[in-house]
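Next up is one chain by itself, shown in structure tokens, the form predicted alone.
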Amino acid sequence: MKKNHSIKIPLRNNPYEVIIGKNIINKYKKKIFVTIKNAKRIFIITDTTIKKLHLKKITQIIPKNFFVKTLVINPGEKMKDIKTVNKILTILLKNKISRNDAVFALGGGVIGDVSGFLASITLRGINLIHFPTTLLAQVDSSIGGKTGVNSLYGKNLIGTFYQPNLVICDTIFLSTLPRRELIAGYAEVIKYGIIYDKNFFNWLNNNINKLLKNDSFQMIRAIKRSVEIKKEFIIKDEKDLNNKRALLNFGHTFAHSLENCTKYSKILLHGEAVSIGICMASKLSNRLGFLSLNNYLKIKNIFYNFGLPIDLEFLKKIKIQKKQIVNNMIYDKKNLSGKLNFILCKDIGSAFVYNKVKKESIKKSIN
């Protein structure tokens, strides 16, 4: 297997590449700047933690003829709101940004979502390159063009579809990731196996120890396959119009509600919410007669063996009510014509959209 991989996302209007490997930023420097060949200004958006750890890796490859400005926000989901967007937008415009200029998103999912949203609305669209620094961002949020910020009513309810020019998934960033965040990223990786690829699910199950020991070869393999699977959904349904891309949100109806319940605090990371949410969605699939008990237990066990939470026991200190979880689901983006749309699975490797779920069944799937 090659050390570095280039996966092309062949969208009709906005094709781009996702490059995956270890210590690859300098190696692909030329490709980075070819994609923004008419730019004169680069605005790097990052957070205080990533600035200390990784900003130099980016600034040292930027040619001296560029005007470079770094915009730094505090880390955390609470920064993903309209106030943050407006603050950064004011700085971009004050510095006379043009449509040829570029935003470099250096960070995890929050930085990627905020940067993508800003790039899409500034002058109706400027260049965007993602440098995702978390496992979750490398396998999920940096790819596919979904951007967004949160509202009082729920997660990512304000946003756009906007594809980047390039995504650089350098696993060197993951070496400084806190273990809890690294493990949380595997929730999205496991999700791909459940919704699309049973063989990948089984491979993950057989390589848990290597992945948790940060085996570089196996980690790159897991990222590569995750990106390949997400690519299949993106090219079939770029803007989430025909429910094919919706399958990527398996477990997220529960997860987003749980994040809302915890007020997007560090009590619950996004990947941890997804892990619990997928276990609940799998239990619901089993209760409704779609998923066998054996497969439900396999799904639960893989999350448990990765060290991820599988139920509300993880949040016992804050005593979340089932009614609150269900009520939050009303604002989920997948809902159509007043009906709750759930992603369910009938087998490992096979998911589907279903909208005939009664509230009582939802409550009984929450544990």
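Numbering starts at 1 and follows the sequence shown. Bear in mind the structure is a predicted one, so any value in this text is a computation, not a measurement.
What comes next is about the form predicted together with a small molecule, which is not displayed.
- Contact annotation: the small molecule lies within 4.5 Å of heavy atoms from the stretch 174 to 182 in the model of the complex, the single such stretch among 273 to 281, 229 to 237, 115 to 123, 174 to 182.
- When contacts are judged by a 4.5 Å heavy atom cut-off, Gly144 does not count as touching the small molecule in the model of the complex.
- Within 4.5 Å of some heavy atom of the small molecule in the model of the complex lies at least one heavy atom of Ile50.
- For the chain shown alone, Gly109 is a contact residue for the small molecule in the model of the complex, at least one non-hydrogen atom being within 4.5 angstroms.
- Contact check for Thr253: no non-hydrogen atom falls within 4.5 Å of the small molecule in the model of the complex.
- The partner is absent here, but in the model of the complex a heavy atom of Ala137, alone among Ile194, Leu291, Ala137, Ala105, sits within 4.5 Å of the small molecule.
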